[in-house]
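The data below hold one chain only, encoded as structure tokens and taken in the form predicted on its own.
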Amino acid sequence: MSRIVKRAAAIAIAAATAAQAQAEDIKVGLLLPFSGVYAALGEEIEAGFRLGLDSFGADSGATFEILREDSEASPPVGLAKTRKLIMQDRVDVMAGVVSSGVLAAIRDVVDGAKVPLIVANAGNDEATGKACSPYITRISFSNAQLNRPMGKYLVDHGVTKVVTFAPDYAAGQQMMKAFGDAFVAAGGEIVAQEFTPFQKTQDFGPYLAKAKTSGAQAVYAFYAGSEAIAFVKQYDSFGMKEALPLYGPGFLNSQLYVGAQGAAAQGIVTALHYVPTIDNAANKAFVAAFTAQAGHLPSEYAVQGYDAARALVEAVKSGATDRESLAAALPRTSFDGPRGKTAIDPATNNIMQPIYVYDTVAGPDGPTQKVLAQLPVEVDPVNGCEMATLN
């Protein structure tokens, strides 16, 4: 046999071996809340994740088996389910996690077991800061990342005195600190801060009454879920939007529940990494596919699941097939998706992405989003992260 023929045979064998390796089944542990107050978020992320695998998975040559576990948004439950997925089910990779508390609870187990985790929601800053891990890649956002740009944006648009509102727990505190630091650095003044009891505040009236007489030009607020619906409706019923315009991160009027807020949401200017009205080809295709599958427009939670699946597929396409190789490949993924150009910062394993400022306006089928500005790609500071290098 000639050297040329031998070499061709060797190449063919190597290609066949690579194809066989890629054809192996990838076991995915999907850890999300499917019951309790965050069940809707979990369902939305799962719908996006499955659509992402359907849309991109065939190109990888691999098959994906999903093992679905309910974290109940409870740190002890999430920890127990993580141990099951890792030790009993022997998953190759995990994805999901809505609650920052759950993420904090499972961090050491994931890191110690060397199982890659794709975070599809939880935004606590420490996860890609001082508690970072080479086995954790966040494809969603950080709390600071979404709020920091709005500090300068408001000052640039003539708003220099604000009152801030947020629920009194880690995410609310982190978001208001990031916004406040940037706002003050740009020349703004925080007139007052209101931290309301988390999941216990039903009447925002006393807090709103104080804001009315504070001398502020605007209110900057973070709430999510049922609290966001209540806050926005009560803000509107107090007739405050004319005298004190309302700003905040886009969870305040998420696509997932802006319909429940109705006309009360109109005129609120917020910032987020995704809205369904972003004008690019990838987003138009995603919105059409998701709407056809789910029967409603996608929210930021849906796109986080969708992009988490795509990041996994891209890692597999690069040749990763096991825990260690997947963990090494995931932070190297980048693509143009519904949000625009996204990539992972190798210093922190946190996503780098543009932030969109938008006004909520009336649409033919209810409130919709009018994008006012696409801000530059946001990269978080290292924030204490000392990222270990994988071989």
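In this text, residue numbers run from 1 along the sequence as written. Owing to the predicted nature of the structure, the values given are computational and were not obtained by experimental measurement. Between two forms, the rigid core is defined as the largest C-alpha subset superposing within 1.5 Å.
We do not show the form predicted in complex with a small molecule, though everything after this point is about it.
For the candidate set F204, F222, F286, Y135, a heavy atom within 4.5 Å of the small molecule in the model of the complex is found for exactly one residue, namely F222. When the small molecule is considered in the model of the complex, only one residue from T164, S100, Q145, T82 comes within 4.5 Å through any heavy atom, namely S100. The shortest heavy atom separation between T270 and the small molecule in the model of the complex exceeds 4.5 Å. For Y301, a non-hydrogen atom is located within 4.5 Å of the small molecule in the model of the complex, even though that partner is not displayed. Interface residue remark: G123 is counted as part of the site for the small molecule in the model of the complex, having a heavy atom within 4.5 Å. Residue contact with the small molecule in the model of the complex: A211 places no heavy atom within 4.5 Å of it. Stretch 167 to 175 is the answer when you ask which of 289 to 297, 167 to 175, 312 to 320, 212 to 220 has residues with heavy atoms within 4.5 Å of the small molecule in the model of the complex. After superposing the rigid core, the Cα of G123 is displaced by less than 2 Å between this form and the one not shown. After superposing the rigid core, the Cα of D168 is displaced by 2 Å or more between this form and the one not shown.
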